[in-house]
Every structure is written in structure tokens, then in C-alpha cells.
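Here you'll find one protein chain in two forms, each presented separately as C-alpha cells under the names structure 1 and structure 2.
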Structure 1
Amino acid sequence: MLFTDAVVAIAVTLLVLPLVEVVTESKTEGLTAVEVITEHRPQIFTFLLSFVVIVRFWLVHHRVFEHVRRYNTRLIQLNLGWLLLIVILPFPTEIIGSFETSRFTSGLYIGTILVLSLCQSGLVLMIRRHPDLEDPDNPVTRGELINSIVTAGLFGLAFVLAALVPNVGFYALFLLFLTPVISRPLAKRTA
């Protein structure tokens, strides 16, 4: 877990580096501090958005690994895939901060998060389905599994809308507010 925490910390740090460069470039161009902020709102917004996304995934990842008592090669490989996507996320973040929102840019960003969410769901599913990995005193609940799958499904729907429907863009991410609305009744019904 320490390696995972370190990689996430580096990814979060990488998010801010383009903003640091903006300040230096803006000073060279003779912009005021206020102009740096006002003219670079998209970059600041995307930094904040991706910071929240990475931190949210990291917190859920921690909760998921509270259920693990042992590791195997497949779990480690899937976790490395999850880490790869965390490390990649600053790249589409920089793209959405530097280029105008389009179906491509929003699709690239949301698609990256979709694959990250699928990896996370895979981790939850693997832990739940392998008693040798799962802590018998702290098993993954059905509700946690459903929440993970619903979240990935909503990211999938957000991706389709952002990539295919003009002018939807990042508004598609508002679908994620439906996660508890969908997950809770499903968890109760199947409990």
C-alpha cells in the first residue's frame, strides 16, 4: 500500500506543474497576478477536477484494500493497471485544460476515468470472489460491490454521452450523482 500511496502522491503533484509553468510564462508576458488567474481558469478548473477525481479514487482504493488479507500476482497486476491510469490522468487533464472542450477532449478525459473505474471494480470483484485474498473478518459487502459496478456503469454512460452527443461534454459527469440513488435500492433488494 505504501507504493500505491507514493504513486498517487506523485500523480497529484504532477497535476499542479502546468499551473506553475503558467505563472512563469505569464510573468514573462507581463500579465498581472489577477490576469494569470482569470485567463487560465480552464487550467485551474481541470487541476481541481482531477485532484478531486484522484483523491476520491485513492480513498475508495484504501477502503477496498482494508478487505485484503493476502495478495496474489493477479491482484498486484490489476493494482498496477489502476496505478498506471492514476499516473496517466494528468495527461488528459492537461489536454482538457489547454484545448477547447470537444467530444474528443471530454471523451478522452472521461474515458480514462472510465477505465480507471473499471480497474477499481475489478479489484473489488477479485477480492470478493477470492476467499484466499479477502479478510474473513472484514469481507467486501454486496453494497460495496454494487456501488463500484454502478459507478463504473455511470462513467460508461457519461463517456458515451460526452463522446457522441455534441455540447454535452463534462456535464455528463453529473450522472455520477445518481450513484447512491441507484446503488442503495439495489443493495437493499439483493441483500
Structure 2
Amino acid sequence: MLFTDAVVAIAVTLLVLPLVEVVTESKTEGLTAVEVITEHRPQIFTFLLSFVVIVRFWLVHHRVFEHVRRYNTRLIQLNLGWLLLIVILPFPTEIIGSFETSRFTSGLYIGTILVLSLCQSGLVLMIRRHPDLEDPDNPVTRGELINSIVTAGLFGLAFVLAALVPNVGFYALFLLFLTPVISRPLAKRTA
């Protein structure tokens, strides 16, 4: 879907706009050029974080849609839900960049990605279950299915940790490094 690629390309490029605005504000506040960087490390960090998040989800999404030979209305609708979450992501990104990390801000940000991740799993499941959507010569693999479910599960866990336990914040996202550790043995066992 060309439309999906275009929206992702725009969303990822718009992430820089708040950083650009920060420069103008810093100047009116009398900061120096060095302080623009040092005083806005959280914004620069969240820019990078959201860049990586969007790009990673898009890469997986891209691979998933290689298994699709035909679209139906439901698939398009779920994909538009996926796109809505990509489009809205700069909003929680700006919130976590502008405010102190709290259970609310990290929960909001990770929660948004959790819903995005659930949409992604939903897309994988829908394609796998509908032979009229799936390309018979290139079906969704068991490994991709397990991977997308494990990813969503770990984002769920990260969300719970960030929203309930104080001072965990974005460190909860380190859980995602466990994705291959969990999904590979599972893929083997069920194979």
C-alpha cells in the first residue's frame, strides 16, 4: 500500500518539527546555542526513540503486507487504525519530551505503542486466517505470527510496569529486547 508508506514517511519526518521550534523558543529565552542541545536532551532522546519505533513498526508491517494478494474492507479498516496510531504518535512523543517522566506520561506513550502493536498482530492474524487475502505462494510464517504476538505481549507488560511501578518509566521498553529470546524457542516448539 503506497498510501501507508507515504503516511509513515511524513509522520517520521514531522517528528523533527518540535525540535526546530525548540530552537526559536530557546533564542527568545536567551539560551546559547550549546544550551539548546544540553537543555533539550529529553526532546532529542524522544525524537530518536519515536523515529526508531515508527521505522521498526513500518519494517515489520512492510514484510507482513508482502503476504497479501488482495485487500478487503476489514483489512483496510484495520490498517487505517494502524495508520491513525502512527499519525498520532508525535503527540505522546511531545508530551514525554516536554514533561517530567511519570507513570502517566510513560504509560501514555507505551500504551499508544501497545495499541499500535495490537493492530499489527491483528493484521498478521487476519491475513493468516483468510486464505482469500493471503498469497498462497508466500504465506505468513509461524515465526512471524509468534513474533508479532510476543512483541504485543511484551509491550503489554512494559505498559503495566510503566503505569504502575514508580520510577520505571521508559526503562520498561528494555523488555522488548527479550522478543527474540522468547519467540525463537516458541517458534521451534510449535513447528
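Just so we're on the same page, rigid core means the largest C-alpha set that superposes within 1.5 Å between forms. All residue numbers here follow the sequence of structure 1, with the first residue given the number 1. What you see is a predicted model; the values in this text were computed from it and never measured.
Between the two isolated copies of the chain, the form predicted alone corresponds to structure 1.
For residue 66, the Cα coordinates differ by under 2 angstroms between structure 1 and structure 2 after the core has been superposed. With the core superposed, residue 135 shows a C-alpha displacement below 2 Å between structure 1 and structure 2.
Residue displacement note: residue 39 has its CA displaced by under 2 Å between structure 1 and structure 2 (rigid core superposed). Shown is the Cα shift of residue 29 between structure 1 and structure 2 after rigid core superposition, which amounts to 2.6 Å.
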